[in-house]
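Starting off, we have a lone chain in the form predicted alone, written out as structure tokens.
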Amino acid sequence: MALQAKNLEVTYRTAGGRSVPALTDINLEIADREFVTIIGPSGCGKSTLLKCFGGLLSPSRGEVTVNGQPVTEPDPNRAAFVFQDYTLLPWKNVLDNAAVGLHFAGRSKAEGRAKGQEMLELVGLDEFAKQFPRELSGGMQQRVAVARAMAMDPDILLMDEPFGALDEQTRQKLGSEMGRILTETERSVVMVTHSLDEAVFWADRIIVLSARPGRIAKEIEVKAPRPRSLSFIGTDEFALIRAELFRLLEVPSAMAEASQ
């Protein structure tokens, strides 16, 4: 089991001292090589849950483990993040950006560059190794961010709206490419998204969260094998699952009923 959350709860305290529950009663297991997407209404705690998975936030109750080890602090060798904001260093070239995590982890420059080059080849950007972020498109910059995360060889990859800043056509094309790459590398992935299409296209399993405080309202399995081509969007399976997600997210009562 790659990741497990047991009885997870997160409660925030406001400046006025009021307790605000963000997540409650989260019990979830994610298997090795499984791709899970998390979707739900705005403010339901999707990103909060991802931060707990990666050790950026401590739960108020319960625990998270990765490969049986408690997650108590960030560790990019265990769980690496890819955010919507590419967070590339503008003064470093693409290769050095891909290797920067290994540099901070104390690896030698030669080792970091060798691994960074390997990951750039994997995401199809090896010929741009000497370019700078400003010279790349948004989609290419996000691929560098993915290469940087995967260079750490993490047990699990955590992606928070990774393609949210891109136009729809670029998101679809890049999503298809990255789906292939992540499937071939047999990586466990958890991705938060607002997009119904992305939630269905990427996932082996979709976790639907209820409105705040977020709880698991429903889990939906996507049976089509990965990697998937864009033609999957035109299938009956895709349409039926997307319609169910739309119903769950558009009708609050449906979310409540599904959680019973």
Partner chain sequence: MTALQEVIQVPPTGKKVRRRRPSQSAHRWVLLAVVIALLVAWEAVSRLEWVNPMFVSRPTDIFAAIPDVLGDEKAVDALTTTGTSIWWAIVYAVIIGIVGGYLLGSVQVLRDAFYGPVNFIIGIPKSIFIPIFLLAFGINTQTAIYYGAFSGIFYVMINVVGGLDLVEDRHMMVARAYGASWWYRVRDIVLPASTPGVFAGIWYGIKNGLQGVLIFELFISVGGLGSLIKTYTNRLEIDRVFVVVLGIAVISIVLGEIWSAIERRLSRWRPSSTANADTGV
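Treat the numbers as computed from the prediction; the structure is a model and nothing was measured. Numbering follows the first chain given and starts at 1.
Keep in mind that the form predicted in complex with its partner chain is not shown, yet the notes after this line are about it.
Asks: Using a 4.5 Å heavy atom cut-off, which residue among 140, 182, 123, 152 comes into contact with its partner chain in the model of the complex?
Replies: Of the listed residues, the single hit is 152.
Asks: Among 56, 224, 28, 233, which has any heavy atom within 4.5 Å of its partner chain in the model of the complex?
Replies: So the residue touching its partner chain in the model of the complex, by this definition, is 56.
Asks: Residue-level contact is defined here as any heavy atom of the residue lying within 4.5 Å of its partner chain in the model of the complex; does residue 163 satisfy this criterion?
Replies: Output for residue 163 is no: heavy atoms all beyond 4.5 Å of its partner chain.
Asks: Could you tell me if residue 134 has a non-hydrogen atom within 4.5 Å of its partner chain in the model of the complex?
Replies: Yes, residue 134 lies within 4.5 Å of its partner chain in the model of the complex.
Asks: Is there any non-hydrogen atom of residue 101 lying within 4.5 Å of its partner chain in the model of the complex?
Replies: Judged by the heavy-atom cut-off of 4.5 Å, residue 101 is in contact with its partner chain in the model of the complex.
Asks: Does the 4.5 Å heavy atom contact test between residue 110 and its partner chain in the model of the complex come out positive?
Replies: Contact with its partner chain, no.
Asks: Mind telling me which stretch in 111-119, 186-194, 170-178, 144-152 gets its heavy atoms within 4.5 Å of its partner chain in the model of the complex?
Replies: Result for this chain: 144-152.
Asks: Going through 64-94, which residues have a heavy atom within 4.5 Å of its partner chain in the model of the complex? Please give them in sequence order.
Replies: Residues within 4.5 Å: 74, 76, 80, 81, 83, 85, 86, 87, 88, 89, 90, 91, 92.
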